[in-house]
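In the form predicted alone, a lone chain appears below as structure tokens.
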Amino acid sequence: MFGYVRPLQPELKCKDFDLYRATYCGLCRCLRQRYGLIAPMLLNFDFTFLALLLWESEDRFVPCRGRCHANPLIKKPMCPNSRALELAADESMILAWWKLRDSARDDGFWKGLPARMLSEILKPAYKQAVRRCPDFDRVVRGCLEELAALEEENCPSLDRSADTFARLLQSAAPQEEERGRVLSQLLYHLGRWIYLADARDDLEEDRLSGRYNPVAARYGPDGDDTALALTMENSLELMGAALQLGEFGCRMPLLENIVYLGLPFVQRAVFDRSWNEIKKQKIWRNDT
């Protein structure tokens, strides 16, 4: 995915920061165990948020300790293996593989060569993930084909293109009655917000390269930040409303930080063009 979904670290309590990092490290370990040594390269903050959402409600977080992928000599607190981590890892692999294929197509032969090569290296892992989550892969493939068709026709409708990506991410929710409905709505509006944030982030680059950009197609080559902010903030409000309907146990304060503080912060950074520098910064305290 894109790395936009992250907490606002200065506003996190220590226990919530520890929970976030343990989830991040636990997902890294799960990716390595299920898909090999290269798979942890795909890990980012978006996938960590997905793992947090998929986790069953718990009153108290009890970490285990595991060896760090980057430095096997170090043991770190990690979330124990669970169905939530496994599902997040499987869906992460599928989403990341399709993102690589999409980048290879959009960037042309030479610029897209690294993405094309990495997608080939990861193809066996991707096929393994598809066997575990065939329905999710089918939806992702179908939605990306719809997006490609909309790009081909230079679709001027922001809602049509954003809805297509929103349905893609929505399909990551488990098919459960009560909890599934909450996660489905939350992920739908998150997907819409991510698509619009990425379109605004790429506006200048797409203009220079002549690529399709939904914001430019709707508002012109310079976009319209006032109008775009209104529709993105509406998605944030609906996401927050869905969050309050769910049961997330000890993870709720962390999820609230991400939805109510982290995403608005990222949105402002995308709009004022400070995001390119901010996204390079690590959120870990003292880089430990």
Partner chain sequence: MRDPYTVLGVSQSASDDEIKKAYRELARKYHPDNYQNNPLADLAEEKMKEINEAYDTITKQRSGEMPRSSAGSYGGGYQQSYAASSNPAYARVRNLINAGSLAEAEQLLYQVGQKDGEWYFLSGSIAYRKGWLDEATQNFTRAVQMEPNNMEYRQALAVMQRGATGGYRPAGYSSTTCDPCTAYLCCSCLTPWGGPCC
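Because the structure is predicted, anything quoted here is derived from the model rather than measured. Residue numbers count along the first chain shown, from 1.
Note that the form predicted in complex with the partner chain isn't included here; everything after this is about it.
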Even though the partner isn't displayed, in the predicted complex is E145 close enough to the partner chain, meaning a heavy atom within 4.5 Å? no
Is E120 part of the interface with the partner chain in the predicted complex - any heavy atom within 4.5 Å? no
In the predicted complex, does D222 have a heavy atom within 4.5 Å of the partner chain? no
How about G249 - does it come within 4.5 Å of the partner chain in the predicted complex, if we only consider non-hydrogen atoms? no
Which one of D107, D202, D163, E86 is close to the partner chain in the predicted complex, taking close to mean a heavy atom within 4.5 Å? D163
Students should find that, of M41, A70, A241, V62, the residue having a non-hydrogen atom no more than 4.5 angstroms from the partner chain in the predicted complex is A241
Taking 4.5 angstroms as the heavy atom distance cut-off, pick the stretch from 133-141, 70-78, 93-101, 214-222 that is near the partner chain in the predicted complex. 214-222
Hey, which residues along 76-108 are within 4.5 angstroms of the partner chain in the predicted complex, non-hydrogen atoms only? none
